[in-house]
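Same chain, two versions here, written out as structure tokens and called structure 1 and structure 2.
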Structure 1
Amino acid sequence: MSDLKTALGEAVAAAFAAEGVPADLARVTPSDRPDLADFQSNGALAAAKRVGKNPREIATAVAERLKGDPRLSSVEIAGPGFINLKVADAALSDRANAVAADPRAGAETMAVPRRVIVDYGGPNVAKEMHVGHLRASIIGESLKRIYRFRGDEVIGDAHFGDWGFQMGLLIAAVCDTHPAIAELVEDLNARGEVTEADKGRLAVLATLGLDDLGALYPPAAERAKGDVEFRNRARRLTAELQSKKAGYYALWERFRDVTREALIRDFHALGVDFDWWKGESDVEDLIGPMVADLDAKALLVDDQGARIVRVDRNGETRPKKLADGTVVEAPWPDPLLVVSSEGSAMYGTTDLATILDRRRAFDFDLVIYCVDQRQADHFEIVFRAAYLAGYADEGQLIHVGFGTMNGTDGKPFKTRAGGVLKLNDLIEMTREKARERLHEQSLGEDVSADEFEEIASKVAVAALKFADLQNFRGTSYIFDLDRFSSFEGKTGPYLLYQVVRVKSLLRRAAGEAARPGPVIVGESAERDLVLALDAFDAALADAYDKKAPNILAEHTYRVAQAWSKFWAACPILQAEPAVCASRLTLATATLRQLELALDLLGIATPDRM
């Protein structure tokens, strides 16, 4: 069952072919002039250029062939050669009935499913989530759901940042401030193992909360910048952790566990859930063999004491400014730094090993890295190295970058105090606004305290997510607190509100024993609603191809808006029985598609609000 756009596209293509003009140009799109038509084809214009004929002549001939099509109520030529198509009410009714009967609300699945990993979120040990994590989580989660819904087998991986230099910093900071822990760690280090008898003593580690770690880390990172001795100590601790020295490892396990537990909870509250919480630490054991393999493949080169893989092709170079200000012609992209001059693995090394790990655990066709746009060069380098080493096939690794959330000054967002805004604080602020609003509606009187809180959370999350998802992911945008926690207009709560209205209507209809029946399209608001519903599959496919959830967000808003106009223009329960039945079916179809689409955006809907 295809949508009207596709079906009409095929009809126009057939007419093109019959006229001897290239049928591949016969694309049908929703009309730019809804006052004139439902759909249009601009193909005659492009075809005219290609075959050297007058576009109006082609359009006229094609239109003549289309006029017999019972699905079309009118076919007209306008301007230089636009073919304007109006769909017959009967065809719209048929389509509406098909969408209403379809559990997928008119969305297709793909003929050839792929195996896809979506790497998103970017959580790190000891770091509470801040607004900067919002985009990575929201966009990645939505892409994961869209891909899965279209039929792919999809794994969402948090790719937990739990290894590396920050761990050394954190160990140093904790040992300096917690003498009891320092003592335990040293003791375990000295003995070289953790035994059953140590279980009780390990309880002291449990006193370390995420708050403590979050407070300790920033000053430690700051200190490491200026304090060479401290930095070297942290490096040494990092190396000792990586060699799994018992005390440090036990301490690190606490870091990892306490952070992961809190983050899983926070992500879940945002409607973000990962299939894998693989950490950088999980690929640590793969790095040694991988380096040996790269060496065996003669890809590793010694350079300034480090070991690198050159990824530039055929001597690609680019002028490059050095630290001292001089400009030299250097290979581009930069090489992948695999082993530092101190012998440790780097960021890119871990990423490369992660590709191997994923290949082993899940034989992917595609890995989507939903990560900040600023990492674009880094991924280009890692991907090239992976292709060179044969760890993935060309094109299987894709970086889907997104822009930053900026403040009104155009720089990455900071609170007035100059700090980062914690994600939990943002959610709670928005939730509080939702509670106030719900009290104004005096909804608190009708629902339980638990449901009240659940509704407030859903409203808050919908507001935040939709505010982000309606922007194209690739561009940076200005984060405005008022806009993100706004409930009117083109917002998440508006969408929820339309869903709630349908649900309310259907509850009432059930009470009055009003039953849905065949759709008979008549009113213009009904036509518009069916046309909006019909566009679901195209929006999904486009969002999928472009990896751009904002396309689906836009579609969802249009359906909600068409529903709201329909609601205002067309009485439902008061209508005569056949019309009432038709409109109830439209309402049911709208509800299903809205809830599906919102779910794909990662937005859950309440029953009332």
Structure 2
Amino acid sequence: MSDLKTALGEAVAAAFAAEGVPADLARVTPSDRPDLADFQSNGALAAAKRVGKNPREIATAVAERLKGDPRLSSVEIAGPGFINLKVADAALSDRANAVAADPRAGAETMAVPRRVIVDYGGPNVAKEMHVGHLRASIIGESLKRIYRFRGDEVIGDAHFGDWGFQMGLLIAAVCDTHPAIAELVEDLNARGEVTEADKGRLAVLATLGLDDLGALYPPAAERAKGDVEFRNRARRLTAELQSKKAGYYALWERFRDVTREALIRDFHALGVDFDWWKGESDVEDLIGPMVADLDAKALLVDDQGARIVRVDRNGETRPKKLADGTVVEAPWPDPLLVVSSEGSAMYGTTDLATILDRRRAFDFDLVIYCVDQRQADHFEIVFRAAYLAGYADEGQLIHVGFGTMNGTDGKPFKTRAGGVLKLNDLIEMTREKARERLHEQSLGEDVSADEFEEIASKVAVAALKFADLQNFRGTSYIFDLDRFSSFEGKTGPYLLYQVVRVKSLLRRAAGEAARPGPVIVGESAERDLVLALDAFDAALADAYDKKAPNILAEHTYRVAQAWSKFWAACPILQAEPAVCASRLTLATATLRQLELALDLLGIATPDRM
């Protein structure tokens, strides 16, 4: 079921070909002047250069061929050779009925589905999530849903940071500040195992909460920068943990368990979930054999006691985009450090082993890493090493980077005291603002307290997510809670309000026994709404190809705007029966598409406000 843009594009291409003009130039796009036309084709201008004809002559000949198409009410030539197309009301009616009858609201699926893994979230064990994790969670969740909806088989993986140097730092800090825990850990290390008799003694580990770990880590990380002895000790502890020394491993298990509880809480509050809750530790058993494999392939090089993989070959360069958009040839980044001089696996080592694990477990066609843009060089190194080792095929590993969420001062979002804001605190702060907004608008006054809280939570998540997703992921943006929580303008709450408005209309229609019927387009606002609905598949395909949920977010906002205009201009329940039935079908199709699109953005909708 092609959308109008695709169908008209095929018709224009056929007309171009019939005139001896390359059909690939016959691109149809939504009109820049919707007051003059619905679609346009500027291909005659490019074709003129290729075939040596006047562009207006080409456009006129093509237009003559198109004028007999019953889907078009007019075909006009403008300027030097622009072809303006206006769709007939009957064709719009047919398209509206097709969209209304389609459970997918007009969206197509991939001809050849792929096996895809989306790596997002990426929180570290022993640290509560903060606002820096927000964009990875929001963008990654949307990409997972978009790819799945398009027909791919998709796995979402949280990929915890739970096995690297930060664990050694935290073990050192805990043992230095908690004598009873240090004594237990050393005893278990000495005996080399945890027995049933130790179960009671392990209760001392339960005294460690996530707040304790969060308070211990920053000073330990800071100390390691200047204290060489402490840094080396943390590296040694990391290596001993990775060899599963009994005491350190038992302490690490407490780190993991207490963190998991908080992570599930915060992810759930954001409407984010994963198919795999894997961490770096899940590939620990693969690292030894992988290192041996890299060695056998002559990829490992000894370097000052460490072992590395050089990802460049004979001084080759790589294309690199600068901040101003210029692309230059640049040297490759540093090599991949696989084994440290202390014998521990490094951050890149576990990333490489994770690729190997994913290949064996899922045999992927594509892995999308939704991670901060500042990690671009790291992933370029890891991906190149994976390609050299044969763990993935060239192009199967893609880093989808993103900018930062900034405060109104233009700097990364902080607390008023200047600290990093915990994600849970941001969520609660947004919930409180949602409650305030609902009261200001006199919304939710006739529902129970529990339902009001559910509505407020959905409004808060919509505010957070749409504020992020309306921006292209590669850019940074200013987070303004007052603006993004408003029920007016380009915001998540505005979109929810339009959905609730449609649901309220359909409930009233059902109460009055008014039923939907065939769509008959006649009014301008009806035309605009159908054209907006028709664009869903194109927006979805574009968001998929560019890995850019903002394209779908923009489409969703346009549909909501078109619905609002339609609501104001076209009486529904008061109209005569055939018109009422037609407009109820349009309302039903709008609701389905809005809810589908919002769900793909990770936004749940309430039934009422």
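These figures come from a predicted structure and were not determined experimentally. Please note that residue numbering is based on structure 1, beginning with 1 at the start of its sequence. We call the rigid core the largest set of C-alpha positions that still match within 1.5 Å between the two forms.
Between the two displayed forms of this chain, it is structure 2 that matches the form predicted on its own. Core-superposed comparison between structures 1 and 2: CA of Val400 displaced by less than 2 Å. The Cα shift for Ser486 between structures 1 and 2, taken after rigid core superposition, is 2 angstroms or larger. Core-superposed comparison between structures 1 and 2: the C-alpha position of Leu184 differs by no less than 2 Å.
Its Cα shifted by 4.5 Å between structures 1 and 2, Gln441 is reported here after superposition on the rigid core. Relative to the superposed core, Glu229 has its Cα moved 3.5 Å between structures 1 and 2.
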